[in-house]
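In structure tokens, one chain follows: the form predicted alone.
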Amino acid sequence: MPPNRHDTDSTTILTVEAFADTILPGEKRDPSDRAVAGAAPGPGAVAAGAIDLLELPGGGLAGTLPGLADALNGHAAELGAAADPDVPPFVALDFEQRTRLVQRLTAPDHPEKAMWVALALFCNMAFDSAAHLNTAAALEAGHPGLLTIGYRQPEPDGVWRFPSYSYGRRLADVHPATTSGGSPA
């Protein structure tokens, strides 16, 4: 297991990493990795920084992660997850068991659906938008999600320009109240 570089306790980190890996699977970080099941080649949500994004105070989920991990481990224990003193119950499940549990928790009729879908969305955002990072810096560092989806590199000055109009149409004029930084007034 990689060393814990987060503020959150290791049980919470392992459990939430296993959830993120269920949403967007990737390859194990090393042979001893239990949170990442290794169900897919290449990097997944965990390698893309799902925990870093979830721990940002502005995201609104940071303070709920221990409770979400407890709830997820409770559901896993109800399934009869094999007792394993080395890892939390959800992490002890194999990838197929994790997937079935997450499918049940995110089903339209599940009473806890909203919180599990929110957690899943953040895991996806870590991969497909690197919402916790500066985009240019993330690309320069080789962010696996942005590279996988083919995110274009910015110009050498770090700015994206589009010399050809998208969809073959001229873009709208900038609103007169837009600031020099691009923010609407």
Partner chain sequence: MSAVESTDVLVIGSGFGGAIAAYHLAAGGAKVVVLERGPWVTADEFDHDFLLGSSYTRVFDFVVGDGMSILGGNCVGGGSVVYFATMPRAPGFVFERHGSIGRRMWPAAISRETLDPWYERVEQALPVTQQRWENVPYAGGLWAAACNHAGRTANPAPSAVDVDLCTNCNWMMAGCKFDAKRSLLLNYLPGALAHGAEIRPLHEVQHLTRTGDGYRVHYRIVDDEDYRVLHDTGAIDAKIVIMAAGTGATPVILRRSEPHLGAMPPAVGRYFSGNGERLNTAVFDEDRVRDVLGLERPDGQAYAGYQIGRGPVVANWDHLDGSLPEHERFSLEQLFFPPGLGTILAQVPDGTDPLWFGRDKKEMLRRWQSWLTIFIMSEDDNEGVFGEPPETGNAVRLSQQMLGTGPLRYEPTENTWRGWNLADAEIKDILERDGLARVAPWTNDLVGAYTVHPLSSCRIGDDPATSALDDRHELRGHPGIFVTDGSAVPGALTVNPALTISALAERAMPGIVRAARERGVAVRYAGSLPEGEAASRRPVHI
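Note that the structure is a prediction, hence the values are computed from the model and not measured. Positions refer to the first chain, counted from 1.
Beyond what is shown, the protein has a form predicted together with its partner chain; the following relates to that form.
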| property | result |
| --- | --- |
| Whether Pro108, Leu121 and Pro184 all lie within 4.5 angstroms of its partner chain in the model of the complex by heavy atom | yes |
| 4.5 Å heavy atom contact, Ala35 and its partner chain in the model of the complex | no |
| Touches its partner chain in the model of the complex: Pro43 (any heavy atom, 4.5 Å) | yes |
| Its partner chain contact at Pro156 in the model of the complex, heavy atom, 4.5 Å | no |
| Contact of Asp70 with its partner chain in the model of the complex (heavy atom, 4.5 Å) | no |
| Members of 20-35 lying within 4.5 angstroms of its partner chain, judged by heavy atom, in the model of the complex | Thr22, Ile23, Leu24, Pro25, Gly26 |
